[in-house]
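In the block that follows, a single chain appears as C-alpha cells, in the form predicted on its own.
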C-alpha cells in the first residue's frame, strides 16, 4: 500500500484535461479523490469508485454552494481533508471561439466567471477549513499564464479572475498558515488538452522556449508535489508550468 493510503483530496473541475490527470496521479498514490463538477459523473472517467465519490455542483451558483460544501463534508469518513485543489475554471468566448475583450464582456459574464474562478475558491476553503486543519491539509489554486499577460485566446474576465486568484493565494497563504494549512498556486501555460484554440501552434513556435505543449500529467505531478511532505515549507508560491513561456 502507498504511504498516502487513507488521505483524501477534494478536486474541482475534474471532468477533463488537468483534472483527469490529477485524479489519476493522486489515485495512483493511494489517495481517495472526491471530485466536484457541474456535470454528473461521466462514464468516460476511468477511475474506480468515481461515481460514489462525485459531488455534482455548479460553482457559479452561490446559493447552492453551502449545501455542496456540506455534501463534501459528509463524504469525509474521519472528518479530515488532506488537500483541496481548486482547478475549476470557465472562460466564455465570442462566436467562433474568439477572445471576449473588456469591451465585449457584459456583467452577467463577469459575475459567472468570478463566481467560479475566484469566489468559489475562497468559499470552499473557508467552508472546509476545520477539515483541512484536522488533516494538516494543503490547498492548491490553479491560476494561469493569462493572469499575468494579455493572452490571444483567454478573455478579459478569465484573465483578471486568474490575476485576482494569484493575489488571493498570497493572502490565503498568510491567513491559513497558522492553522497548519499551506496554500500555493500553479500557473499553467499551453497544455495539451481537447480545448486548445486554433493558433496555439504559433504560440508554441514563437513564445515557448521548449517548443512544445505541456502535458496534463506534468501539471498533475506539480500539484501532487505541492500536496506532499516534500513541499512542507512551500507556502504562498505560484509555480509556472509553461515551458518558459513567462520569461
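Positions refer to the first chain, counted from 1. Remember, it's a predicted structure, so these values are computed and weren't measured experimentally.
Beyond what is shown, the protein has a form predicted in complex with a small molecule; the following relates to that form.
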If we test each of 121, 169, 143, 138 for a heavy atom within 4.5 Å of the small molecule in the predicted complex, the one that passes is 143
Sort through 163, 90, 173, 100 and report the residue having a heavy atom within 4.5 Å of the small molecule in the predicted complex. 90
With the distance limit set at 4.5 angstroms and only heavy atoms considered, check whether 17, 59 and 193 all reach the small molecule in the predicted complex. yes
Taking 4.5 angstroms as the heavy atom distance cut-off, pick the stretch from 66 to 74, 204 to 212, 34 to 42, 175 to 183 that is near the small molecule in the predicted complex. 34 to 42
Looking at the partner-bound form in the predicted complex, is residue 83 within 4.5 Å of the small molecule by any heavy atom? no
4.5 angstroms heavy atom contact with the small molecule in the predicted complex for residue 116: yes
